Structures are given as C-alpha cells and as structure tokens.
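Presented below, as structure tokens, is a lone chain in the form predicted alone.
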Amino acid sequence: MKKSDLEKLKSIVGENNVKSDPADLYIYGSDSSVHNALPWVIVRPENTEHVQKIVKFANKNKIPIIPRGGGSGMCGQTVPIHGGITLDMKLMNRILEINMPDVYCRVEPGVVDDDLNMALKPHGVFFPPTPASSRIATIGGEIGNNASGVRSVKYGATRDAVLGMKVVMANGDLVDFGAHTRVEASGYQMHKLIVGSEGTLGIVVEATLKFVPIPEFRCLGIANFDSIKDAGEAVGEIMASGANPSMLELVDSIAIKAVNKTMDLGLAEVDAALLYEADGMVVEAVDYEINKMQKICKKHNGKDLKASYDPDERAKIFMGRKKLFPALSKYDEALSSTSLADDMAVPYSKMADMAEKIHAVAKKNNIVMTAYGHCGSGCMHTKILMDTNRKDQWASAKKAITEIYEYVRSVNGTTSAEHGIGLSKAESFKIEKANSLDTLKAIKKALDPNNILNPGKMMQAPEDWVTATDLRYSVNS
C-alpha cells in the first residue's frame, strides 16, 4: 500500500489505530481455518463515522476491505485473499442500550458474546445463540456467519435473534435495516440477508438483538450408546416426538477418547453419547421433557442414563463437550485437528447415516474424523485429524470432503449449518447452490459494484480450498 494511502487512513482513525508492521500483518493473516494470506494494513475504527470514511476511501480507490471480529471463524472468512484493509472492529465494543420493557438490546459489532451475556444477566435475560467460541467471538462476527451453539435447537441461530441493524454499505452510506419490533412486514427483510453474508454485502456497525429470560430450571442428562447409529436414531425420534430440548448433543468414540486423554474425565469409552437438556420456568415441565427423552434413549439401547439439576453436576457432565474442540488436537500427537468439512446439516432422519458415513469415509481415505455436534438442530460437526506435513494426507482429506458433501447433498442437507462458507467450503457451496449462483452474484454486484467488500469469498472463492491461499501448515512431502 502506498505511503500516501497509509497517511490517509491515519488521518481518519489516528496513527495508533493503523498497523502495517510485518508481525501485525502475519497475525491478521489467518483465523481459525487452515488458510493464511496477508493484508496490506490493519485499521481499527472507533466509531461509525470512522467506518464510513474508511469504506468511502477504499471504494474510491478500489481497495479490498475485510471486516474482522475475534478471528475465531473456521472457514477463512477474514483471511484477506486479495490483500487490502483488514478492518478490526473490536474497538467498537459498546453496549448501547438494554431495553427491558421492549425486550431488546443495541450493541456495536465488537462486543464479545460473553461480555454481552454478563451485562444481561443482572436483568435475568440472555442472548441465546452463544457459540462455543463465545469468550472471544464478537456479535459482528456472529452476524456475519449466522452463528449458533448448543442451545440453537430451542432458541435458534443469530438470524433468529436479530431485529435490526445499522450497516455501512460499499459506497460509505449508513443505512438502517429491520426494526425494533418482533414482527415486521415492511418490505424486504434486508437485515436477514446481511446475517450470514460474511462481510461481503456491508459492514454492520450496530445491531438490535432480542433476548430471552434465563430459565429458572435446567436439567442436563447423558446416555451412552454402543452404536453410533442407535444414538443418531434416538436424535431423530426425539425431535420427531414433539419433545422440546434446550440442548441435544452427540459425541462419538473419537471425541470421548480425546477428552479422556486430555482431561482424564473418566467418561465411558462407548461408540457414542448423547447429552440432552431441558429448561424452563416450571420444574414439572422440565421433568416431563427429560423423562420423554430418556425413554426414547432407552428404546434405542441407551444405557448409563443420568440427569441432574445441580449446576456443578451439570458442568461435570458437559465438560467433555465444552472442551472437545481443543481436546481433539491431543487425540494423537502426530495428528493435527483441522476445520474443513466441519458443520454440515442434514435432516433428522439422516443423522445416524451421516455419522456412520463420516467414519466410513475417514477409514477409506486413511484419515481420522469425528462425528459430533448440535444434532438437535440437524448440525453434524466433524474435524479431520491428519498429519498436516504430508501432501498425501491433504489429498486424502480433499477426497473425503468431496464424498461427505456429495452425501449431504444427496439427502437434501446443506454445506454449512453455522460456521459459514468463506474459502474452505466454496466448492461444495457452489455445487449446492448451482441454480441460484447467478442471483447471489447479482445481489453482490448491486450492493458492491466495485467488489471491495471481502472479495474472493463464498461464490467468488476459488474452488480448490487447498490452493486458495497459503496453508497455515508446513507441508513437506
């Protein structure tokens, strides 16, 4: 980037909020995905006016601009594939309003999820989409990816919680989308379109979010299964039965072994386990839901069933699932845990088959894959454990991903449930959305004619995720 451009950016946000040192660029060149590509400069706006001026400058000079939150995305959404400006939004971290009578709050995009819920807790309410990365994930990032979490089965994803927003468009204009009301039929639902757009259509500078009461009672249970197919079929029947779980999570044998090895939890090393939770304001209603789910688990050969209202006991039961992602890196010291095909969604009736398919494909391609996730929402997570130094392992991983996504599409599933597309999933995304790609491209062109907003992502991304950018790994042979 030219020195005059750097000086212009410094005049907007101040010298301390513009970083171009190689060490800073390296840090901002990757997220939690496998990808790495350096920006030209990092700029940290402090307010909406800063964002507008930066975007107008970038648009005039056709400089790519990539909004970034906590950097916890797993698909390369914030990796600057074409260089440009990485817009670090974390300084815009104010909670602007908590409106209890109207049941909403207004926040800036840099607010961290856990910080928002800490501020809401004294009011007896919470923001429910909370992803596993809630300690670092920002609201802006969650909006960009339509993030969700373990309680999405009952409370929905980020899109379900967003009432409205203020967005800086590609020309620098500030626009209002949505409303402060629970229902709206006033034209296009543009705020719903911005959710999940990964920073390609506009930059969110304020969001109006709904919250829900913290339930007085929560009961969490676990059931062990000697067959992952039985566990998957239990998930399908629970969701078809009319049960209303607040959490329904699957973990497989690989995940169980990983957390036992990492944290010595002493979990039964069975083929699979289901975690099931119910919550509410009336204990009898919670009991009813728990009993209903337990009966279904037993019907599908679930064993060692237990459930508890006690917070300490619930934390102990949930610990293995909560720490699963980092624990997978310790499953085998020779293998790295990579996020590639990691959050597909399939119909409930295909959950069991999906889990079995993941393990079969992994075995066929000589890699290790887990099957776990928010199965009550239809979301199946997986991670690929492989020797990242070996080219043949990357080739095997690509074959495995292709086979898995072919199956997902064959059962009317979808490429991503909550982590988004970015770079890693572009190939499957384009195949899945083949007959609507022209429409998606037309929307992008209309809102961002100079293609400055996070270019090279989603429908614009290279189809080969292995060569889309540099990898964050040293591949030797």
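Note that residue numbering begins at 1 and tracks the sequence as displayed. In this text the structure is predicted, and so the values were computed from the model without any measurement.
Not pictured, yet referred to below: the form predicted in complex with a small molecule.
Using a 4.5 Å cut-off to the small molecule in the predicted bound form, not one of Gly221, Glu277 and Gln294 places a heavy atom inside that distance. For Val270, no non-hydrogen atom is located within 4.5 Å of the small molecule in the predicted bound form, even though that partner is not displayed. Contact annotation for Gly302: none of its heavy atoms lies within 4.5 Å of the small molecule in the predicted bound form. Although the partner is absent here, Gly83 lies well away from the small molecule in the predicted bound form, with no heavy atom inside 4.5 Å. The closest non-hydrogen atom of Pro39 lies beyond 4.5 Å of the small molecule in the predicted bound form. When the small molecule is considered in the predicted bound form, only one residue from Pro128, Gly376, Gly73, Gly320 comes within 4.5 Å through any heavy atom, namely Gly73.
Only one of Ser253, Asn365, Ser133, Ser337 comes within 4.5 Å of the small molecule in the predicted bound form through a heavy atom, and that residue is Ser133. Comparing 415-423, 436-444, 40-48, 56-64 against the small molecule in the predicted bound form, the single stretch with non-hydrogen atoms within 4.5 angstroms of it is 415-423.
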